[in-house]
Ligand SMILES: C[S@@+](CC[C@H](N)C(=O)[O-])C[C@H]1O[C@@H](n2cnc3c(N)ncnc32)[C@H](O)[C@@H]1O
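Here's a solo chain for you in structure tokens, the form predicted on its own.
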């Protein structure tokens, strides 16, 4: 059933380049990873998708967890427009998209959860801490921020990831954080953090951070 949700998302786009991108992204963040990330999301309530891109993952979770209300933000207006069109084609009323820059985000609502999937290493370094502080501010008590990103080690995996990042978008800046560095920053900001390594047969140094707001 969940695999069918991925296929429906991909088919919701007309552009073959976007479809190819979708296959690539879902190839990297596969069903097993989607399930692993999804089990940390709340069963209901409003969830923020920061850097949603074409809306792939929010469209997926809007289908498989229908009691969620998802809000996607992205800096690229074309991607937002395509995500909105895909949501309409899928008949999803529990997901919305709008323009928003992660580097200047300010908490404007209360969320049961939020996530960033492979986004942090594309955000300017000096904007990461302010973003995390705002996300903490916008979470309800007990709410979770889920971050999937990549480690700096082992080196060959980092270089493999860097090559793919440059291939996908040569203009986008890249700054990888070590797992220890990112976890320390999250703790400093005020999250309780659990870090998990996501083993993969592909040479990606995946790391999952499950960050909870206390009190």
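Positions refer to the first chain, counted from 1. Keep in mind it's a predicted model, so treat the numbers as computed, not measured.
Although not depicted, the form predicted in complex with the ligand is the subject of the following passage.
117 is the sole member of 145, 132, 95, 117 with a non-hydrogen atom within 4.5 Å of the ligand in the predicted bound form. Under a 4.5 angstroms non-hydrogen atom cutoff, the ligand in the predicted bound form lacks residue 195 among its neighbouring residues. Among residues of the shown chain, residue 82 is not one whose heavy atoms approach the ligand to within 4.5 Å in the predicted bound form. Proximity of residue 204 to the ligand in the predicted bound form falls outside the 4.5 Å heavy atom cutoff. Although the partner is absent from this view, residue 19 stays clear of the ligand in the predicted bound form, with no non-hydrogen atom inside 4.5 angstroms. Contact here is defined as any heavy atom lying within 4.5 Å of the ligand in the predicted bound form, and by that definition each of 52, 57 and 100 is a contact residue. Look at 134 to 142, 85 to 93, 68 to 76, 106 to 114: in the predicted bound form, residues with non-hydrogen atoms within 4.5 angstroms of the ligand sit in 68 to 76.
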